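Only one chain is shown below, in structure tokens, and it's the form predicted on its own.
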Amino acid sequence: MQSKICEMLGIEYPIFQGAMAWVAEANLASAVSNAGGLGLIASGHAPKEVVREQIRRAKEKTDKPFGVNIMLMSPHVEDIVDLVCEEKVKVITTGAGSPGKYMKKFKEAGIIVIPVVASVALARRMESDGADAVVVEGMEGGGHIGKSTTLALVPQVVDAVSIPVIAAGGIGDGRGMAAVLMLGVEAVQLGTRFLVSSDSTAHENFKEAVLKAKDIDTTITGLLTGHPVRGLRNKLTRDYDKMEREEGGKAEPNWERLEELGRGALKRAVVDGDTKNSSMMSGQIAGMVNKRGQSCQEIVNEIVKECEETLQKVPERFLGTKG
């Protein structure tokens, strides 16, 4: 189970843990790294000292490579860029924009840069700007999403760039991993599956909601604002849908009204355990996530084993030969 990404990052398995705000902290990131994958700390909109504490906690918990995700729309982005250089973080992923203006600084600090993209054009731009790899995220994923599906987008990006591609969105087990490896990617990124792990500090109410979810239990809000988000259906998503319909019929929508409804909604799910008036960001694979209490090590081991078994079956099933 080796790939260019494993060689580049010094990890055992080509499995990334998604950078889920409020969920992806030091405990989860270090657990995934210790399991042989790449754990990521989500900086979100947190200030520098909060992120520094998480980085140092992760260093105490693992001697394996881990990374930090930088949200480029954060009001603290300049500070976080300085921080990852100061702390000699091995790898960063970026979201909500282009890291081009910081690329020189990252490279001088020896940091591997892997932006998250949702289109072929952006993937090409990131390669041109000097990115070492890209995470291609389909709309099946949880949280902020693009408009293309993983199955359609991934092979187009693989064909368009020469740097390694990591697939994300709609991958929850070894079969999904095998499928995208066949499309030409070098690694996969999972979020929802790790969210419910025993190493995750997310509230048990949130985990239970994901574990009980069915295939049709996620929905997308924020289409009117241009910042769509996928999460589990609840009172908040229904209220948001209603408000979007009301504001969508106006010449000048009340953006503040929509923003106020969603303010702090993710924290209410992850920290407070409010499953009604919160944003329970989750991918469409929630319907197939049903194992309680698994550690990150157990999850990684299971995914790798299932992926290998699936790939070995392909020649025998379709070509009539043993793998």
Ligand code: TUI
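Numbering starts at 1 and runs along the sequence shown. Treat the numbers as computed from the prediction; the structure is a model and nothing was measured.
Omitted from view is the form predicted in complex with the ligand, to which the following refers.
Colleague: Can you pick the one in 182, 151, 211, 73 that has a heavy atom within 4.5 Å of the ligand in the predicted bound form?
Modeller: Contact check passes for 73.
Colleague: Could you spot which one of 85, 161, 145, 112 gets a heavy atom to within 4.5 Å of the ligand in the predicted bound form?
Modeller: Partner contact (heavy atom, 4.5 Å) among the options: 145.
Colleague: Tell me which stretch of 95-103, 217-225, 234-242, 75-83 has a heavy atom within 4.5 angstroms of the ligand in the predicted bound form.
Modeller: Result for this chain: 95-103.
Colleague: Looking at the partner-bound form in the predicted bound form, is residue 203 within 4.5 Å of the ligand by any heavy atom?
Modeller: Flag for residue 203 set to no.
Colleague: Are any of the heavy atoms in residue 178 no more than 4.5 Å from a heavy atom of the ligand in the predicted bound form?
Modeller: Contact check for residue 178: no, nothing within 4.5 Å of the ligand in the predicted bound form.
Colleague: Against the ligand in the predicted bound form, would residue 45 count as a contact residue? Criterion: heavy atoms within 4.5 Å.
Modeller: Output for residue 45 is yes: heavy atoms within 4.5 Å of the ligand.
Colleague: Can you work out whether residue 207 and the ligand are in contact in the predicted bound form, taking contact to mean some heavy atom pair no more than 4.5 Å apart?
Modeller: No - in the predicted bound form, heavy atoms of residue 207 and the ligand never come within 4.5 Å of each other.
Colleague: Each of 118, 122 and 125 within 4.5 Å of the ligand in the predicted bound form, by any heavy atom, yes or no?
Modeller: Heavy-atom distance to the ligand in the predicted bound form: all three under 4.5 Å.
Colleague: Scan 223-247 and write down, in order along the chain, each residue with a heavy atom lying within 4.5 Å of the ligand in the predicted bound form.
Modeller: Residue within 4.5 Å: 229, and no other.
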